[in-house]
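Just the one chain here, the form predicted alone, laid out as structure tokens.
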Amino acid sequence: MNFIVSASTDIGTTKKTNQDSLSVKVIRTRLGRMVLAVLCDGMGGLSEGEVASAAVIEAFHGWAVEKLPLLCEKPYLQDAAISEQWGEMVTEQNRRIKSYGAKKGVRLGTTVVAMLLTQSRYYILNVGDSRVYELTEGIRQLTADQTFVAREVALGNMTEEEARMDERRNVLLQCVGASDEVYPDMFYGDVRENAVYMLCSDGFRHEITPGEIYDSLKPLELFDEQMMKWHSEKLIERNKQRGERDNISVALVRTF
């Protein structure tokens, strides 16, 4: 399995700072090439959201350098080991960010969606409403939003259309740094060849449809990093033209 990666972010049309942070890197390991992609959306309504999002990105970088090589000494990665280490890391970041905010007298927090792609399997951690999608013959959301409206849809109290229009659609059930306790969701699956894996902040998806995303980012359209960047930035501009007010970020991993 080989990988091509790209990442794009934009401050948007109204914010004074870009509180999103993202990273996508190809890593050489004893078990073959892997990709670690992490995207964090600092809370726009909170102070210093960019500090929180950058801190979580840095924590995952540290894990890739210090912990991943040790896990790769075994014949294969174990789901339980990834889940345990990532869960502990996010819990520690929640504590540290809350402590930092208390000392400065501010509240800050961030979503986080992280994805590790190996030669055969993917691992995803999610807190908040940033998302991961898989694009093959169609587009499929791999994560579940930790939001008020998503919970109401799951309980049967709200339709998908009502959730899209509801003024509470951005209300998070938890985020790193602003929640008393953090309970990340984990997702696992098989990595597919000739697929595109997309991580995005909510600002990337509010004003465009899944169909528009697929038409621009389907595997046949993305044959090198330059084309990945061009199509990503074209969709970012479309979001802005349609009135998206948030920061807008997207990371892509193309497998072949």
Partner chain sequence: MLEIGSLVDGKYKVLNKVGQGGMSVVYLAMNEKANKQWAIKEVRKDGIKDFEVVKQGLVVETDMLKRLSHPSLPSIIDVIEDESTFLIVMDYIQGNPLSKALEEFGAQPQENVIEWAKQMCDVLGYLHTRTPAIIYRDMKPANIMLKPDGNVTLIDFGTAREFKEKNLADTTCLGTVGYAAPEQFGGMGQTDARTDIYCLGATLYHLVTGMNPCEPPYDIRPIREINPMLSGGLERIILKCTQRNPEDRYQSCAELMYALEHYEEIDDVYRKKQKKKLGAFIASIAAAVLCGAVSGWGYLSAENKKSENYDVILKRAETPEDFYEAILTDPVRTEAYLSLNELLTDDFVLSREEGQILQQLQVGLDAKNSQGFSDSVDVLAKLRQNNPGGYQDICYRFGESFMFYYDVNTDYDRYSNAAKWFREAVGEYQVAQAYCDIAECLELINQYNGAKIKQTEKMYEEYEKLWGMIGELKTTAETTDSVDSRLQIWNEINRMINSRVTQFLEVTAMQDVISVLEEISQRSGELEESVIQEDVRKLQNEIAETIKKLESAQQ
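This one's a predicted model, so the numbers in the text were calculated from it and none came from an experiment. Residue numbers count along the first chain shown, from 1.
Another form, the form predicted together with the partner chain, is not on view; read the next lines as being about it.
Taking the partner from elsewhere, residue 165 is found to have every heavy atom lying beyond 4.5 Å of the partner chain in the predicted complex. At the 4.5 Å threshold, heavy atoms of residue 196 stay clear of the partner chain in the predicted complex, well away from it.
Proximity of residue 102 to the partner chain in the predicted complex falls within the 4.5 Å heavy atom cutoff. The closest heavy atom approach of residue 119 to the partner chain in the predicted complex falls outside 4.5 Å. Of the candidate stretches 70-78, 180-188, 132-140, 85-93, only 180-188 contains residues with a heavy atom within 4.5 Å of the partner chain in the predicted complex. The candidate spot formed by 61, 64 and 123 is out of contact with the partner chain in the predicted complex: none of the three has a heavy atom within 4.5 Å. Taking a 4.5 Å heavy atom cutoff to the partner chain in the predicted complex, the contacting residues in 151-183 are 151, 152, 157, 167, 168, 170, 171, 172, 173, 174, 175, 178, 179, 180, 181, 183.
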